[in-house]
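A single chain comes next, written as structure tokens; it is the form predicted alone.
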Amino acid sequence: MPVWEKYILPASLQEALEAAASAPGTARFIAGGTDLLLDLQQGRHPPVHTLIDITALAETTALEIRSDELFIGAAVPLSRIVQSPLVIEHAQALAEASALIGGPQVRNTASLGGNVCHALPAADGAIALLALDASAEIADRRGCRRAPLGELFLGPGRSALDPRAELLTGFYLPLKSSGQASAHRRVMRPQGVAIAILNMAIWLARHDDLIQDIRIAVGPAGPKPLRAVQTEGFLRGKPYRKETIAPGLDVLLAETHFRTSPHRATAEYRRRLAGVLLEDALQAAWQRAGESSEHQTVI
């Protein structure tokens, strides 16, 4: 039995949205398809009538500065994100996260939007975007709107987007300023299982020896990609030193909900890893923020 009946390559955003709305059966948007096609072939997703390929749309393939923000289209391949000077400059955590998803062949095809829409609580792209305070651009037949990234997730594998009426077109990220930086860290099984045992992304702004501002995302630490807002509140305004990180980890462990996975790790092991990743990602972002500040001063 075929897993789809019709494949459409629309030339415009409106054509794509109308194709989804008018499909006689189930319709799904597709870019790289590295998650969706595998799920269809292995029976984890029911067959669909219409696949709508969005890789020819200018709205979903742009990667550029727009006003005072970085825009990354939902169909942009991960390999392009990894190599982009704009992403490396303004969203290094996202470049690092994208470099860890699959292998080179997968990254040449897989898209950032697909990683987010798959809605896994440990999705590397989603974790990095959360820490970078990204917002999502969503199109329907009335136009485009923006929403906080966290509003896209309902639970494991469950996106809030209506596949018959809404298309994720891309992401807006704030541009980096002097004294700001980000980092992404992940631990996974050496056998090459793609999903992380635990991953974490941190964005921070430093002023002298103080953590002036900070955002932390971690997964899997619950049913959805998690912003550790309580930990952020504890660390914000405090000096960067070991005496600060230790109680910060206590706050992080109190607001996360690690579970045991028979295929990956126990909850206790993830709790131990949380301290390692917090210290490692925080140190990397702190050092990069200092280098950014020094570079700006020289200029």
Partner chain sequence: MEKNLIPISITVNGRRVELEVQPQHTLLKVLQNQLDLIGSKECCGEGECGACTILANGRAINSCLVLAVEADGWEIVTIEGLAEDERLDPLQEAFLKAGAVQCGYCIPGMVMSAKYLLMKNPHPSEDEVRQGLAGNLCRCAGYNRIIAAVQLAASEKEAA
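Numbering follows the first chain given and starts at 1. Keep in mind that what you see is a predicted model, and the values were worked out from it rather than measured.
Another form exists, predicted together with its partner chain; not displayed. Remarks below refer to it.
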Problem set entry | Contact residue in the model of the complex, chosen from Gly179, Pro121, Gly150, Pro77 - any heavy atom within 4.5 Å of its partner chain | Pro77
Exercise. Can you say which of 47-55, 240-248, 268-276, 253-261 gets within 4.5 Å of its partner chain in the model of the complex, counting heavy atoms only?
Worked result: 47-55
Exercise. Is it true that Leu210, Gln212 and Ser292 each have at least one non-hydrogen atom within 4.5 Å of its partner chain in the model of the complex?
Worked result: no
Exercise. With the partner left out of view, is Pro85 within 4.5 angstroms of its partner chain in the model of the complex by any non-hydrogen atom?
Worked result: no
For this session: May I ask you to check whether Ser159 falls inside a 4.5 Å heavy atom distance of its partner chain in the model of the complex?
Result: no
For this session: Give a yes or no for Gln42: in the model of the complex, does one of its heavy atoms lie within 4.5 Å of a heavy atom belonging to its partner chain?
Result: yes
Exercise. Is there any non-hydrogen atom of Leu38 lying within 4.5 Å of its partner chain in the model of the complex?
Worked result: yes
For this session: At a 4.5 angstroms cut-off on non-hydrogen atoms, which residues of 104-128 are near its partner chain in the model of the complex? List them in order.
Result: Pro104, Gln105, Val106, Asn108, Thr109
